[in-house]
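Single chain ahead, by itself, as structure tokens, in the form predicted on its own.
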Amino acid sequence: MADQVGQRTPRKEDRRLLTGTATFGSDVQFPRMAHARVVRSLVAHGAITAIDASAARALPGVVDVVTAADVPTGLAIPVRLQVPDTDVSGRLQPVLAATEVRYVGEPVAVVVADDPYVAEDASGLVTVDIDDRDPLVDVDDATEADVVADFGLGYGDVDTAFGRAAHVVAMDVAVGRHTAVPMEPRALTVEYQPATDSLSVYGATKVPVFNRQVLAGLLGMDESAIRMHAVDAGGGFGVRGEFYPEDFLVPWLARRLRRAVSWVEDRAEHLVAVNHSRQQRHRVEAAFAADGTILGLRDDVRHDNGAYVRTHGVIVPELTLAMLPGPYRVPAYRGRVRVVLTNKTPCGTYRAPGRYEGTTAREQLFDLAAAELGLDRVELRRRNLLGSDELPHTRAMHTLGTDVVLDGGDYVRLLDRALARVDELGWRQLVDAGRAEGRLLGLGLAVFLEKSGLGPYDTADVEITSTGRVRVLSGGTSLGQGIETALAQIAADEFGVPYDAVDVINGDTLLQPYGTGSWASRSTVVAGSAVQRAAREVAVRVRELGARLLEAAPDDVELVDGAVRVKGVPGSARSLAEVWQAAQPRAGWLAADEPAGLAARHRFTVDHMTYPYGAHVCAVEVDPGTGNVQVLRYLVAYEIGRAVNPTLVEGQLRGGVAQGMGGALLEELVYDEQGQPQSTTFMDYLLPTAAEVPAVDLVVCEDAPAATNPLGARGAGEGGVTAAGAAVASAVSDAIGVPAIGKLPVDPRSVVRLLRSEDRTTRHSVALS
């Protein structure tokens, strides 16, 4: 059997997704199940003076109405990802607002009814009296008291670098407020078993083991009494599956009412309740020698974190700082971030968190620098990219608890491959021809560095079942990314079986209590490595027992095509099911005290991340009358190390481009001066559709396998989005003849304003050579 890793095998998940047999959170139903509806604040900032739920309680079918007065006092949701030397403990989100509301959408009460429509009707009968206070909606108006964290990262002598620079280039860059918008909003169904005082939770898909730990702590229960069940999810992208107030409230209500409770988020609720992300303002500067060589880089970031610090803590702005130098040779760097709490929905991670923002700021600065230095945009970058002989490259910084050590690769080669593909596709001729007709066309480029393979560990179990199938129990979770398929391919190779002979169960805390979830582009790299090692241990065991069956020495047998046989003697083969039979206690093949079964658990640990890298190139056309931007062509070149399934990698990259384009041109969560959200439907929060996203051309390279994991994989979850904002902005600036763009999204109004500005120059960067 040919190796499964590297094959474009169809996704195992799609069979149930396409036949309507998948199970999502709201598909899980129980007899006498009650339905919850959250009452949310309509005021951005104020003191709660009274809550009257009498009318709601009187409505037939209402089971319960609870406020902060009913839940244990002082409960707040802890941080999952700590940043050293920061203390955000005083700004964590309570499970229900007690005396003060801090954003529109904050939970203040929960109504439970026999019917979901009754619950919704009753929630409208709950009156909440609030004395308004002045909201903070703009970080420019923040005081020191609003800053929850102020920290920096960096290395080298930045002041000296800027002091001896021949050119200093500086600009302001603002990135708008976005959210992930998975197709399926959040949903939770919780069953309570009174006999054992235990809970079964369906829908907590992302980091179920962490969520179980937090829930057990808040409820005062033993973790073993709570089981998180894996279910399908309509996308995650970072926002889904974190521990939100509802992740406490629904299980707590199920235990309080001693019956199953379900909660399903609607879209309007989702847009004010689920994590927001991205909103940052940068003052970024670079010091250059006369020949365009970077001497130093510095960035002053203000990060609008919304009303509270949620489970991600302040890791997003830390990632912005840690990754800002990117793939470039930057001898001295200093970044500072002030994390401001405003009266908006709290923030967390969203696909490529911190890097989308930082890459936009850095790459736009480099476009501006190229214009001011009179260099081609590509030449400026090529001149400053780290060479392959300079890798590994250590930066005296850390992020996500690990030192920043860029592993091997060839950044210049990948850039050249991207540009060669652009030439093959004829994009320069396309732009030139359009310009000859008087149209505003432009080419944009952005180079980026990603991170993946975050440890410190993940755990997997692999076993052979009675019919000879391979069963994988993983701590990852299936969010639509194809993890079941990738892990099946990895395990299949250790036994020589087709990947369809492997069953993968993700995210069930009873079956896999030591998993770390799926996030940060780490599942294939870390969980996949754990699966490979566990499968390898089982394969050794299969050969040992198979040798006994064959009355041969272990060194004289081989595991081929899902069977053990004497080397070179196909007719001697014993199937995995036969070996499983031999591994049973009464089969007579086990020695005294020898464990029964064919199973192994492996905990894979890793000290450092791996760093994928790539480049985005796109061509756009700008309508000079309306300012509308149409993306005509798009290309991503990406170093994946080793693609477990190339089709899945390509899907990840193309999906990322679509989301990145949305943030670049359309998506923005806008608030008015009273802190009222203005983007609460898809009429206002605009998403790219098939009409806006062109076909995405890809150059997926496997030139630099990662040395930090046995698979050589680098992760692919975020490379499609990381540089999309920067590339689109670069193309727009090229099209309209301005040096750089200082704000995302690049909306039509901004484009028209730039077209009328006096800063427009003749196009300066068409070559991209």
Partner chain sequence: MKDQHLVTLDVNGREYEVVLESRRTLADVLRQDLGLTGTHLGCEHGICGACTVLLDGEPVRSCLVFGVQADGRSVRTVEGLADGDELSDLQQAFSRCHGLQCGFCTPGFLMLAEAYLDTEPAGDPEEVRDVVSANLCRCTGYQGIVEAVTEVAAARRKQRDG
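Worth saying up front: this structure is predicted, and the values here are computed from it rather than measured. Residue numbers count along the first chain shown, from 1.
Separately, the form predicted together with its partner chain exists; it is not shown, and the next lines address it.
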Heavy atom of R267 within 4.5 Å of its partner chain in the predicted complex: yes
4.5 Å heavy atom contact, G235 and its partner chain in the predicted complex: yes
Heavy atom of E372 within 4.5 Å of its partner chain in the predicted complex: no
Contact test in the predicted complex: V670 vs its partner chain, heavy atoms, 4.5 Å: no
Candidate stretches 336 to 344, 635 to 643, 259 to 267, 566 to 574, one within 4.5 Å of its partner chain in the predicted complex by heavy atom: 259 to 267
Candidate from G292, G655, G313, P245 lying within 4.5 Å of its partner chain in the predicted complex - any heavy atom: G655
Of P353, P107, P94, P688, the one that lies within 4.5 Å of its partner chain in the predicted complex (heavy atoms): P688
Partner contacts for 636 to 652, taking its partner chain in the predicted complex and a 4.5 Å heavy atom cut-off: T647, L648, G651, Q652
